[in-house]
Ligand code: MLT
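Below you will find one chain, with nothing else, as structure tokens; this is the form predicted on its own, and questions on how it binds or moves follow later.
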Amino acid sequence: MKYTLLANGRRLAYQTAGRSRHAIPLVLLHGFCEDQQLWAPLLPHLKSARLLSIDLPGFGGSDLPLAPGMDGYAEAVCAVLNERGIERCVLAGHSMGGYTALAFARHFPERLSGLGLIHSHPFADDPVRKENRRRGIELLQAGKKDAYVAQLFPGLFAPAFAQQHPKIVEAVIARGRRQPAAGIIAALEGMMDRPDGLEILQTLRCPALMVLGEEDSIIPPNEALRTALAADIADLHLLPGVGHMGMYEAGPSLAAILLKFWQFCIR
């Protein structure tokens, strides 16, 4: 584990991996209530790339953010790139990590050679989703973090996978319970307040990747497929029989997609 000290005095944790010495790395951002360990199932299949995975503020080994928001997460990612002397990267985020990647693209477009949305989308929260996040905040503030996390993750997997692999679901829940309640609350507030990001894709000056799960209950493919049409250069993949957690449900396939996209972008 390595650390970057942010300008606000907070510490940010990250890891490097892979055999490639290429100047442009593949940077991986985890989703909500997760940390960089989310990508562990893919790492054996990504050894030929240059990898950088980051714990967003409030998760894993990183300190809490001073204020909620995807912009703060994006600035933290930029701080790690600066620490490592990285001018450009291929940035891929899972779910909330995708929202962070879009915020990064809004503020630092010149630092991107590629942008990947993994089980993610650019749309702002609708009123129903905002209300669900408020209820989650209330549960967390009432000290019911374990109950909140326990109900959060099972529905993220395709039903057949969850039934066949209960230990994987249990392990993801256990790791989610290790995340601090304050970090989870800040993330919920930040997602609730984020703006629509479709215009970012429409003005993107680098290739875009979108990976969707056929059985994703959080981001239905029919809602997100039109997003791919917004970017000038888009690579779209629909994983059959997969929910919201492709790194567990279809790890080798997702790794192959990410590796091919990175190779395309650095060329």
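None of the values given here were measured: they were computed from a predicted structure. Residues carry their position along the shown sequence, with the first being 1.
Separately, the form predicted in complex with D-malate (MLT) exists; it is not shown, and the next lines address it.
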item: Heavy atom within 4.5 Å of D-malate (MLT) in the predicted complex - residue from A158, M96, A74, V90; value: M96
item: Heavy atom within 4.5 Å of D-malate (MLT) in the predicted complex - residue from R135, R129, H165, R178; value: R129
item: Options 24-32, 232-240, 42-50, 206-214; stretch whose heavy atom lies within 4.5 Å of D-malate (MLT) in the predicted complex; value: 24-32
item: M191, heavy atom within 4.5 angstroms of D-malate (MLT) in the predicted complex; value: yes
item: Distance check, I218 to D-malate (MLT) in the predicted complex, heavy atom within 4.5 Å; value: yes
item: Interface residues of 241-267 toward D-malate (MLT), as seen in the predicted complex [heavy atoms, 4.5 Å]; value: H244
